[in-house]
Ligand SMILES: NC(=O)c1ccc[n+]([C@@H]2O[C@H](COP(=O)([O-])OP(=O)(O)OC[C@H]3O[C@@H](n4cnc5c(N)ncnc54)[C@H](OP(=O)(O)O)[C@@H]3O)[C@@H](O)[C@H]2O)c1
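Given as structure tokens, the chain that follows is alone and in the form predicted alone.
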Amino acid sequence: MKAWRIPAFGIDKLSFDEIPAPQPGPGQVVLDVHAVSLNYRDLMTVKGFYNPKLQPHRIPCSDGAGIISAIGEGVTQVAVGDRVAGTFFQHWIDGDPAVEKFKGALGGDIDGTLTQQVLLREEGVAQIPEHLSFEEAASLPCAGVTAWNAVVTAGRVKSGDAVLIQGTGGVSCFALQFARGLGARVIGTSSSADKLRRAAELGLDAGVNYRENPEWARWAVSQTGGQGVDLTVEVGGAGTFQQSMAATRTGGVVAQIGVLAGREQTLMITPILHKMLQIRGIYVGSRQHFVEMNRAIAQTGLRPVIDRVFSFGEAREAFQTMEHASHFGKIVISVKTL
């Protein structure tokens, strides 16, 4: 079978290799991968910024959806022919986060999904909503679950709340859709007027171009009658964290997810104290979060936002597109097309 692997760091170093097909052992399943979606973490992994000590020839990517083609001894929760997606963490099934549950992350600790077939744990897959294509379902395991965890678990968003999203990548688009589905008012930032227009079509109530208005926290506060938002979905990292705190109301929640604008910067800690802010780190989520999210998606008919679908042979081009940050929603690779 064919798989993309990382023999050395760099998008141009990705190799398209012929490797042996996996055979399931006890409690394992083989997933015929139909589609893979890219996350910023995958780009950093390929470039060597996520884990400089990554095992050579690792298959990248955490997110894939397809059909189970084989099962090992003792597997009872799924069957051959089931439409499923792999979970980001193969060992975080449910309950609170813990160090041991973070082991077995696809595309990092173990081989990922950018391959024709991938070996997964029986508990490491989740049924995907029937109305979604494989390309749409492939966007769920990381970006979807992360946004769900931020909006529902950490933010506890309810009707009438105000939510701030940053940009229009996969997590932000999911957060917009989930928050709107819960009856919240959603405002957001972007560097592109066109992306803000497209976000408005998804339900964004108000948007601001942060390049034209670099003090966007003040704008966010003005949009909420001077109070600040109830939840900020923070994907920028160090470069935006200070303004995210300023944009959030007293007693509100900042769901810290990404590092798109950097990892290190001097931090003024007093807003956390004086505003009694709740800072919640979001590291994807458990299989149980995935199942709960899928149930909601199935009930509401929500469809993930796909920017572009590349063929399996165009994986390098897909990573380059993510690197240029010009996409709106998710970038997907169709494994069934070369």
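Keep in mind that what you see is a predicted model, and the values were worked out from it rather than measured. Numbers follow the displayed sequence, beginning with 1.
The protein also exists as the form predicted in complex with the named molecule; that form is not presented, and the subsequent description refers to it.
The named molecule is not drawn, but in the predicted bound form it has a heavy atom within 4.5 Å of Tyr40. None of the heavy atoms of Ala315 is located within 4.5 Å of the named molecule in the predicted bound form. Remark: Phe241 does not count among the residues lining the named molecule in the predicted bound form, judged by a heavy atom distance of 4.5 Å or less. The named molecule in the predicted bound form comes within 4.5 Å of no heavy atom belonging to Phe134. From the list 141-149, 242-250, 98-106, 221-229, the contact stretch for the named molecule in the predicted bound form under a 4.5 Å heavy atom rule is 141-149.
Annotated contacts: Ser190, Tyr283 and Ala325 all touch the named molecule in the predicted bound form [non-hydrogen atom within 4.5 angstroms]. Checked against the named molecule in the predicted bound form, the residues Val163, Val171, Ala85, Val254 give one hit for a heavy atom within 4.5 Å, which is Val171.
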